[in-house]
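Let's start with one chain on its own, the form predicted on its own, as structure tokens.
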């Protein structure tokens, strides 16, 4: 049973510095701040109130009589003074963190929480208020301009917390979950074990398309924590598969019925064959027959296949409706559910038809993993290893020490691996949502090889995606070594770790139903989404923990590497 009170007690015990709330006017920093401080038993300070008390006149008068620069000087001095009070809650003015010296003080001495709300909510909350910056011009235009101007400053915050119309109590719950996540990921390993959280939350920051990821054991039983009020009272369309439905989906549907106008469930096959034009059409027709509307919501409950198909259907029906990702496999929890890639397969290659379409939230319930066979655990683990190889050698080293422990069910290791992977992917997606600068393409480490292997296997369960990625990462490591980047010792280190946990590392380990040749796989690679006019492109390792996309690689070298793994 998830108890926010436990989360509150852990935050109070672990956090030894002030919480500083930042964000636009109208996000409720003062209201939420008072309530948060009350819950924690800490003092609360509003920087604007403290300024008024010290100079004896209103904020509006300070702006009109002395000017904004004078106010910012007062604000900086006041916040620095408040930060010296130890654990407390501070509500800062909307523009305070835009001043470099003030921002530096907040980020060094406090835990900075950015409360972020859509502009339409801010407009409603500030109607009739005596805000100096809203006295001239249309409030909607002024607030949008201010948010665009200040977004970069707000993004410095340690925590990005979304308010999509939550009540103050709900907002405090959300902030506590996100602080708990921050403390978990930044605390020493000893504290990770001692203070393992029941639930936590982090944000994928994408301007107006931002959304939260909730992680916890049993969190699906608490839709009040993750289903925001804006989604209540709608028609819900749940897509799931027959493995998951009796274990998870039917119970979830029953819990959602009191909160929704209607709940409809469609059961599909869990395999890659489901990501087809035929199944996509069947899903669309089913939603139409059951009265889908623009305000309906699609909920994907299952592995990556269900998530990809449901997201693609949601992005295209009625030109786009809201959807929620509830991944139930380790692989989908750390990969496909985060980042907004949706799609279906063609007869020749994977994911060639799809969209970039972000969910409203992602809900990761660790209890879902209890139903997985070992093979599915290993398939997901391969994607976790990928994050360490492409961007964080320290995480890869941690996996070398804790991977077996995690795969054997240690809850602390499972939560850390999932949270770290989600956090890393969220950061990459934030920097390159639509694969425009090449950063997000790095998430395809090993995937060019893997997709060719999956195609050769026929998507019939002979080879799982994560198993193909494991082999693909070994081949990508060998390619990187042949290109003069990583050492043979690095290649062996990667190979040995994947082998040690029980993953496949060679093409010859796959039990193909018909013989497969290197020429077949190269032909499949030519259809890869990353391929361009210059030919095949691969994610290569400059070193363990650093990757980049490279083209112009001779097909003869690729064939050589494939042949070695085949023999």
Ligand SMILES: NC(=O)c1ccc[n+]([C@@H]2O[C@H](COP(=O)([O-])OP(=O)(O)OC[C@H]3O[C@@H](n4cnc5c(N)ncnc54)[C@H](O)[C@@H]3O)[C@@H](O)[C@H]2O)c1
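Not measured: the values here are computed from a predicted model. Numbering follows the first chain given and starts at 1.
This next part talks about the form predicted together with this ligand, which is not shown.
- Only one of 101-109, 169-177, 143-151, 325-333 places residue heavy atoms within 4.5 angstroms of this ligand in the predicted complex, namely 325-333.
- None of 203, 420, 351, 264 but one reaches within 4.5 angstroms of this ligand in the predicted complex through a heavy atom, and that residue is 351.
- Residue in contact with this ligand in the predicted complex (any heavy atom within 4.5 Å), chosen from 360, 416, 160, 425: 425.
- This ligand in the predicted complex is not approached by residue 210, whose heavy atoms all lie more than 4.5 angstroms from it.
- The shortest heavy atom separation between residue 484 and this ligand in the predicted complex exceeds 4.5 Å.
- Remark: residue 92 does not count among the residues lining this ligand in the predicted complex, judged by a heavy atom distance of 4.5 Å or less.
- For residue 84, no non-hydrogen atom is located within 4.5 Å of this ligand in the predicted complex, even though that partner is not displayed.
- Site residues 50, 60 and 65 are none of them in contact with this ligand in the predicted complex, judged by any heavy atom within 4.5 Å.
- Scanning 238-266 for heavy atoms within 4.5 Å of this ligand in the predicted complex gives 241, 243, 244, 247, 248 in sequence order.
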